[in-house]
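The form predicted alone is given below as one chain in structure tokens.
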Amino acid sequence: MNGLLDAMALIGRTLFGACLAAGRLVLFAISGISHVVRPPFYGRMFLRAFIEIGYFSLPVVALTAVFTGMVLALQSSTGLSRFSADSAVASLVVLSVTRELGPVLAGLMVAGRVGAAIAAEIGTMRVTDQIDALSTLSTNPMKYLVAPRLLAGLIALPLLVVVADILGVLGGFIIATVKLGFNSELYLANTLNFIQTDDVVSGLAKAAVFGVLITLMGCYQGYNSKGGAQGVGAATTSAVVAASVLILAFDYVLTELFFAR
């Protein structure tokens, strides 16, 4: 009997802790987003965050997209050839890249690179009392540190996904025409005929949500870090893991909203 009560108490504490953490995150997100639309605006901080998220993430996102498109064309050709449906390779590549693989893989790459960096930077400021110093200087830390990064993530990641979509389709085109022997004009025609505006728009909408999630988790974990260098390290790890899990979870939710019939 005591063991059952202890187990129920453990489950209750776990659920209560999860609800408490979710509530804190939601309140933090509401506060950060509200500061995005209220002056004053720190343009220099936004530009810095935009360059860090967008420009410096471009190489890893581009390489990931190119090789993903190549692998996708190769694998899809191998599978579809069993059903004599090789002509569907182009449509499969462009659909997979624009709807799913472009935004999801770009989001995961940016989460690993940018989410950790944001958490480490803000976490270091927290444990060294620099955030408290901002408040002392009458500067709102949420408006100065969080809001510019949220806005930068919202804008930068869709732009990265546009590049990822183009390069992913290009990677599939290269493999299909050079290695698999597809006619280049026919492959391009199939790609252009199959792609629809909804496919691209849904991917960009996902990317915008993922950009906010990545920067939000980096800011939240860094802002609430404690315990010196060890706490900052834990915050960076938590930021990447949480952002990656949320990307996958929200990917399903958004796919259900866009394409469920």
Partner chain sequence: MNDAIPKIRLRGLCKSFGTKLVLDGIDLDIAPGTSMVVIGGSGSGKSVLLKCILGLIEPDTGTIEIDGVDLLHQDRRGRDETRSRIGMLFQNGALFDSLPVWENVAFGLLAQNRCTRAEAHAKASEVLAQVGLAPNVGDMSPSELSGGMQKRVGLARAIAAQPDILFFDEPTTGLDPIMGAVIDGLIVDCVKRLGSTAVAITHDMASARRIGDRAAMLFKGRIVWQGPATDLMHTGNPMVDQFTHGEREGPIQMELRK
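Positions refer to the first chain, counted from 1. Every value quoted in this text rests on a predicted model; they were computed, and no experiment measured them.
Absent from the display: the form predicted in complex with its partner chain. The rest refers to it.
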- Item | its partner chain: the contacting residue among 75, 91, 139, 184 in the model of the complex [heavy atom, 4.5 Å] | 139
- Message: Just to confirm, with a 4.5 Å cut-off on non-hydrogen atoms, which of 175, 125, 95, 162 contacts its partner chain in the model of the complex?
- Response: 125
- Note on the structure: Partner contact check in the model of the complex: of 108 to 116, 164 to 172, 139 to 147, 184 to 192, the stretch with a heavy atom within 4.5 Å of its partner chain is 139 to 147
- Close approach of residue 100 to its partner chain in the model of the complex, 4.5 Å, heavy atom: no
- Determine whether any heavy atom of residue 134 comes within 4.5 Å of a heavy atom of its partner chain in the model of the complex, and answer yes or no. yes
- Query: Is residue 226 one of the residues lying within 4.5 Å of its partner chain in the model of the complex, judged by heavy atom distances?
  - Reply: no
- Pull the contact list for 24 to 62: residues with a heavy atom within 4.5 Å of its partner chain in the model of the complex, in sequence order. 44, 48
